[in-house]
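Next comes just one chain, in structure tokens: the form predicted alone.
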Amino acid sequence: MKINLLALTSILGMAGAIAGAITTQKLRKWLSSLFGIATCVSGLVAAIEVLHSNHPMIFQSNKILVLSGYSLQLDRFGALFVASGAVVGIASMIFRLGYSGHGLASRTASFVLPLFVMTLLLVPAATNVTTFLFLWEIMAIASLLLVLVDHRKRPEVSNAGQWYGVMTHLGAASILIGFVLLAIYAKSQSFASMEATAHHLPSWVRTSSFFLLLIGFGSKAGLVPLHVWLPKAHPEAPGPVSALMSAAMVNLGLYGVVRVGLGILGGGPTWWWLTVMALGALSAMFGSLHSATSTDLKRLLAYSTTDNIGLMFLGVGAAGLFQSTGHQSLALIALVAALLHMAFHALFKGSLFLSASSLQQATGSRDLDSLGGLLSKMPVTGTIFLIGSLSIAALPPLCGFVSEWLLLQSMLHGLPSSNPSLAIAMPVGVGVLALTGGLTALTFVKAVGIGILGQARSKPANDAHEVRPTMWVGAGLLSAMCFLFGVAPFLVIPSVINSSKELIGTNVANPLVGGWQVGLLGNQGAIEPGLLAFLIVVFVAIIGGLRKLIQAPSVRRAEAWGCGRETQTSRMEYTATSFGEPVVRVFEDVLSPSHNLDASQLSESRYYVEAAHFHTSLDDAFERRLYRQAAAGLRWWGSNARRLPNGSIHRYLMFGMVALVVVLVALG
């Protein structure tokens, strides 16, 4: 009898949670991690089987959710997200075997982590509202608990958990209301029934549900201005959890918007997708600016997640815009580019977060200004971080180059156009992609050049040594896949094309060149990543050979980033703060930095300065101007609302009467 892999994934995840809860301290870390790996392998095999067979995988049970039924059906579109999440999950669980600290070895973490991994893989297979929200809430609560596991030792963890808890549950409420609105008119909570009745819905219902779900899923994805929890929670979470949240969980926000907007609702008016593109452009710009100016390594990576999520939403918005204007082939290309970037982002961001966590464990710091010289101390981890940095900067022959190049092509070939929406949106999208690409390159030149190369800026950085093998094996697995899919993207692209076609229900011919090439049919813009990688290797080999032939016998050696000076100290090199200062100056109106100058005078005379410290701090403009103001308003309302229940029975009867009158008027 053939085993249902969706059921097996659920069973393995629950078994891992139970093993983590009841076993001894020595065993629970290994057992929960191994069950987590088995859960991911089961989900990955299920996803690959669906992608290759084109037969959805179904599992239903009335014993879990008695009233509605626990209903799962994994199609090709959902399988893309399951596969990418499973790969990140396998790498993170391997990494966890060697990872120590941050509370991840506790009984709570060992119980919750397998549940988190399991729900990450099952959410894309839910087929009705109850099953979806059941899995979604377990995922949200599990991730919140994992963020908070180290709250006793670090007070900033509690603050991050509060922000994440509030934002994730506000998002869940928005998702619930949006789905309930669709379910009322479909007279069913099944997604298939909603899709069947979507074209007969009143326009206000379609629009209201779409934007409610966009808000809910956008908050999970970290879409600006709903992103404020992300740069707080991701840096404070333990390393494997950071990787799972930033490389897998945020993708489910994109999944929800695409599933609802292009799948269940079957597309929408042009202005829907212009809004999505605008939010994507805003997220990409805002995230890239803050990552370029951040000196906290994991906070930098968290903001770069907002940047890349923005690029994905830019592609999804372009796909919806092309579809609404009748350009089906371009819509397919833009959607394929967005989904391809989602899959590749999971690989390079997972490797970056895991290797950054290794650097933090080895040095005890995330501050780039106190790191340096780590490539010589930690050559394997440093190389893994370098590969992830090159991939996220979209340099060949790595996977980030392929997806961003295809996204650029999809928008470029939308021009010229007589449609005003396309004529305005596509050049803006190309400009955003170009500018964020430059800022991303600057960001990771800073991260690698100052944090990995250069000279050590602190004793812990100078004393650092390579981490345990399981840690760099987990991160290295993702880095190796960055190179593999960068050289041979044809291993992934056909599955993405078929999944996109199935979702949007189009029968247009495949608009992309097949085989080793990537490009659009009928255009001269195709690239061949495998050949490009070969030429790069040959070029490097030739340059290296020539250098050995013509090099003088005596070679002068100088420190990396030392500008050729013989005498070089870490104080002579750029810091991460100074490297990002030009960006702060150029975008000062957007970033709104605050400057503090602390000066101390000599004890003999107050007219002479003994020492001066100049510090520039950057906070999130949306947090400061929107969320903190809203929180202050809520505190004011709460303090004044306490005066209402004063113990007077007459006042309470009056409140009841007013409420009754309001209800009668509303219903009448």
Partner chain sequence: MLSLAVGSVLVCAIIAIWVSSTRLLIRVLATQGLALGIVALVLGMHERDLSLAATAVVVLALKGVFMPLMLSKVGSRSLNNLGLKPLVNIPASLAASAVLIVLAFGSSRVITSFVDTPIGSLAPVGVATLLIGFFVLVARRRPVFQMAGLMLVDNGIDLVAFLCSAGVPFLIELGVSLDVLLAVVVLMVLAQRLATEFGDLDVGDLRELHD
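Predicted model only: the values in this text are computed from it and were never measured. Residue numbers count along the first chain shown, from 1. Definition used throughout: the rigid core is the maximal C-alpha set that superposes within 1.5 Å between two forms.
The form predicted together with the partner chain exists for this protein as well; it is not shown, and the discussion that follows is about that form.
Only one of 33-41, 637-645, 48-56, 620-628 lies within 4.5 Å of the partner chain in the predicted bound form by heavy atoms, and it is 637-645. Among heavy atoms of Ile22, none comes within 4.5 Å of the partner chain in the predicted bound form. If you take 627-656 and check each residue for a heavy atom within 4.5 Å of the partner chain in the predicted bound form, you get Arg642, Pro645, Asn646, Gly647, Ser648, Ile649, His650, Tyr652, Leu653, Met654, Gly656, in sequence order. Fitting the two forms on the rigid core leaves the C-alpha of Asn646 displaced by at least 2 angstroms between the shown form and the other one. Relative to the superposed core, Leu660 shifts its CA atom by 2 Å or more between the shown form and the other one.
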